[in-house]
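Given next, in structure tokens, is a single chain: the form predicted alone.
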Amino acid sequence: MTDTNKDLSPYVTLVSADGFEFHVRRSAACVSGTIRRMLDVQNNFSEAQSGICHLENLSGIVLEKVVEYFYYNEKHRDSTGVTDMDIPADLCLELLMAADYLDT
């Protein structure tokens, strides 16, 4: 994040297409390149000022798993031999599309 971002809240809100809200540490949410760019004040997106990202193409179930991944990634970023996350088979395709969209 840039120096102009340091006065912003350490938390952001991610909102799914079906209205579920997830309050997430900014550092965890910025695992996503898409969200990181949305929250960078130099890019002049409204999300940077409000701290709220509406992700209209992600359902609450998928966004919940994505947020779990953000924290998992942040926690194990520099670790080796980390076990895989548990991913339900019925969400695999949607999570793959979400990962592509979110640039993770």
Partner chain sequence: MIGAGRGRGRIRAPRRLTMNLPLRQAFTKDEVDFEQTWEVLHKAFREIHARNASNLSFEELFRNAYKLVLKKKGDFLFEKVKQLEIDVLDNNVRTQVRRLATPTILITDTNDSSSIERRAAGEKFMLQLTKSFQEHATEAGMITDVLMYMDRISTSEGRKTSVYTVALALFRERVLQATANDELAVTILELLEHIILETIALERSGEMVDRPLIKASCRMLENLYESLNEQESTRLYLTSFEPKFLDASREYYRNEGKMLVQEADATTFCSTARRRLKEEEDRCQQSLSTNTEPKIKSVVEQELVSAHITDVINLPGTGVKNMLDNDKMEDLQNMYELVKRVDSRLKPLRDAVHKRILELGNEINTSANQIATEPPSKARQEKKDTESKGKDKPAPAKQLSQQTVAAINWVEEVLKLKTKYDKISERAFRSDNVMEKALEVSFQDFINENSRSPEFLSLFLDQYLKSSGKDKSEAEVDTLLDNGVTLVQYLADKDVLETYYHKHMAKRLLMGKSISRDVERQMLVKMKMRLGNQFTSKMEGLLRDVELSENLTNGYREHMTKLGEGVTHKIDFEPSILTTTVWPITIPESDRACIFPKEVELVKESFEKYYLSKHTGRKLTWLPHMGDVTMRATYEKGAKPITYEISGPTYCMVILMLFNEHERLTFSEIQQLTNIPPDKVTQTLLSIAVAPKTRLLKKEPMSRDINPTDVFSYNEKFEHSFRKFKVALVSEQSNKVETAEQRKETQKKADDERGLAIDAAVVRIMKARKTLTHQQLMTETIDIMKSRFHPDVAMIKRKIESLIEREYLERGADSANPSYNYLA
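Positions refer to the first chain, counted from 1. Everything numeric in this text was worked out from a predicted model, so none of it was measured.
Below, we turn to the form predicted in complex with the partner chain, even though it does not appear here.
Check your understanding: Taking the shortest heavy atom distance, is Y72 within 4.5 Å of the partner chain in the predicted complex?
Key -> Taking the distances in the predicted complex, the answer for Y72 is no, it never comes within 4.5 Å of the partner chain.
Practice item. Indicate whether the partner chain has at least one heavy atom within 4.5 Å of a heavy atom of E68 in the predicted complex. Key: Because no heavy atom of E68 falls inside 4.5 Å of the partner chain in the predicted complex, the answer is no.
Practice item. Indicate whether E47 is a 4.5 Å heavy atom neighbour of the partner chain in the predicted complex. Key: Yes, E47 sits close enough to the partner chain in the predicted complex that at least one of its heavy atoms falls within 4.5 Å.
**Study point:** Distance check, T34 to the partner chain in the predicted complex, heavy atom within 4.5 Å
**Key:** Contact check for T34: yes, within 4.5 Å of the partner chain in the predicted complex.
Review point. Which residues from 38-66 come close to the partner chain in the predicted complex, meaning a heavy atom within 4.5 Å?
Key: Result: M38, D40, N43, N44, F45, S46, E47, Q49, H54, L55, E56, N57.
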